[in-house]
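Only one chain comes next, encoded as structure tokens, the form predicted alone.
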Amino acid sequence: MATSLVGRFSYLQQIWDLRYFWSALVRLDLDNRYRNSFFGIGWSLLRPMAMTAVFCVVFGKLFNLSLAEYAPHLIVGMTVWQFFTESLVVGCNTFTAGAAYIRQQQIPLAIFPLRTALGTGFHSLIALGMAISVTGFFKGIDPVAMLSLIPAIMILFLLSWCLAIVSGFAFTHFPDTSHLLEIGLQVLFYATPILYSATSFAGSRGHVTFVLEWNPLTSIIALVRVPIVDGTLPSMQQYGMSLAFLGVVATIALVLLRKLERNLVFWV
């Protein structure tokens, strides 16, 4: 047990020692993404804003909700969802994109999913800032409740890192992973309270309520949405469900790193 813990700390120390390397990779990704772009960093805001506008027009009328009530709820949910999906989809190519470095030198492979998590996290923080601004315009912001965003963002970042590890390993061994993810994420989008509220089905029984209660993304989105939109602290149940999901994904990521890290060079 002690040897295992020492090994993990040593692994993290190696990642930290290479911080200038992976931070340079993140800057390179950002430069390439916005190079020769008219809107530049504004693209990080355009997608959630455009989707929010479309869904507000369609579903706002369908649910008979005012813009001031529905827009903050929707844009925060879209921001978290975008971070979640990009971590998985972009994470599929996290090892293949770093294949040149992996073939040249033995370095901790967790660096490359970290690169993905930091890049997607940068875009999502910009979108989150816009979501907070929209909410502040319509409803106001509770500064005390906003402090709970600190642990929420930490949980989301660690989850993003672990998801990128899992999808990266899956893609290198099974290239159709990206296509399956696209289908699965489309289904999961409607099974997650993004367009609607989890309380919309309160008091009812059936498959919909069961899915919402046991969908970990319901709690993960609530960690960000509740303090911003409702001005209250997330519940212990929401923290517990989110941490449990993070624990499961992190365990899978660690097992994959331990079992497949040395052989990945033959797959990229």
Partner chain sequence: MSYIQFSNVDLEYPIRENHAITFKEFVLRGLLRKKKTAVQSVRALADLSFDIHDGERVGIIGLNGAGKSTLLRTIAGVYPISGGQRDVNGAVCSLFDITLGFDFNATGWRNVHIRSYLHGETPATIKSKLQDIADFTELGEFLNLPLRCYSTGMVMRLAFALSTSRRPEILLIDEVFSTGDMLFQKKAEARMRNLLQTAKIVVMVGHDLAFLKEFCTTIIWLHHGRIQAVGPAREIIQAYQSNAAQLLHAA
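Numbering follows the first chain given and starts at 1. Owing to the predicted nature of the structure, the values given are computational and were not obtained by experimental measurement.
Keep in mind that the form predicted in complex with its partner chain is not shown, yet the notes after this line are about it.
- For the candidate spot formed by Leu18, Thr172 and Phe266, every residue has a non-hydrogen atom within 4.5 angstroms of its partner chain in the model of the complex.
- For the options Ile153, Ile107, Leu188, Leu118, the residue carrying a heavy atom within 4.5 angstroms of its partner chain in the model of the complex is Ile107.
- Only one of Phe122, Tyr196, Tyr101, Phe157 lies close to its partner chain in the model of the complex, with a heavy atom inside 4.5 Å, and it is Tyr101.
- Among residues of the shown chain, Lys61 is not one whose heavy atoms approach its partner chain to within 4.5 Å in the model of the complex.
- Although the partner is absent here, Ala68 lies well away from its partner chain in the model of the complex, with no heavy atom inside 4.5 Å.
- In the model of the complex, its partner chain sits beyond 4.5 Å of every heavy atom of Ala253.
- At the 4.5 Å threshold, heavy atoms of Leu180 reach its partner chain in the model of the complex.
- Residues within 4.5 angstroms of its partner chain in the model of the complex, judged by any non-hydrogen atom, belong to 24-32 and to none of the other stretches in 231-239, 216-224, 24-32, 53-61.
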